[in-house]
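Let's start with one chain on its own, the form predicted alone, as structure tokens.
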Amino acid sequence: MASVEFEAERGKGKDMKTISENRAYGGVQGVYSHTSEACGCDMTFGLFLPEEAETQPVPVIWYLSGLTCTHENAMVKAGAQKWAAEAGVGIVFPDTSPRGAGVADDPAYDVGQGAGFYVNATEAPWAANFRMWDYVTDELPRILFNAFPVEEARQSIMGHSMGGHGALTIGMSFPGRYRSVSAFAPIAHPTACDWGRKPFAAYLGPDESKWAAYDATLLMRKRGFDGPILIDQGAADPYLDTLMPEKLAEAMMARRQNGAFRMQKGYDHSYFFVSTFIEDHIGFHAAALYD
């Protein structure tokens, strides 16, 4: 794998720093930081590259995490590296929000640092930093494809909870970019639930027409996704009423969306749930990426 320092010498990733690189399943799990123009602060992300990346570019899966998480939660808890290594794909783990002493925050867990919701905030004090949509869809991809051996032409995206919301909305908003989309227990209809209405009002203001671009159920009704979708939802999830998975399932059915929506009996919202089915999701994306 080409190191960040080596790429910097070639004029790529000039301000990027290597926080750590660890051998894992024949590949390398790295953690890197850089100065973000989109978020106006330093940002950290994780990137797993399989052994194949030492000799050739590999497809990449984006994993977006949920409320209160950093880049580290899924990287450490999901167990994705084993299956990514077997499939020969990379996985990038972005952070969930801007961070730092100068970044606006809130005592609540669902607004502020750790709760970026993958939107571009327009309201004070959030607009100065909370531009996670631009960060995940524009800035970080440019950095990634310039500095590491990953293929821009072969990308997929997935996420958990708030990150599932992000993966679905981003996937549907960029036709042709992602080969497949999957989600674990996504916030499926945020314009109609407390986990969406409160942060959307804070970040985007009171005009609810501006919220629709960030609602997976509304986007599914309007345009759908131009590839396969896989959704896993725990049937014992304590947040089912808030997540509103039935609304997304209804929209997928009405649109005849290519995909599967699975209710997993006895499973909750935790990373025990995610790690149980991560093999299925990596395999699902690998099939699309190597199609």
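This is a predicted model, so every value here is computed, not measured. Position 1 is the first residue in the sequence shown; the rest follow in order.
The same protein also exists as the form predicted together with a further copy of the same chain; that form is not shown, yet it is the one meant from here on.
Worksheet entry | Joint contact, E250, R256 and R262 to a further copy of the same chain in the predicted bound form, by non-hydrogen atom at 4.5 Å | Yes, all three are in contact.
Fill in: Heavy atom contact within 4.5 Å of a further copy of the same chain in the predicted bound form, the stretch among 53-61, 36-44, 262-270, 66-74
Answer to the contact question: 262-270.
Practice prompt. Look up in the predicted bound form whether P245 has a non-hydrogen atom within 4.5 angstroms of a further copy of the same chain, and give yes or no.
Written response: Yes.
Discussion item. Is L240 near a further copy of the same chain? Define near as a heavy atom within 4.5 Å, in the predicted bound form.
Written reply: Answer yes; at least one heavy atom of L240 falls within 4.5 Å of a further copy of the same chain in the predicted bound form.
Worksheet item: Of 38-56, which residues get within 4.5 Å of a further copy of the same chain in the predicted bound form if you count heavy atoms?
Response: Contacting residues: none.
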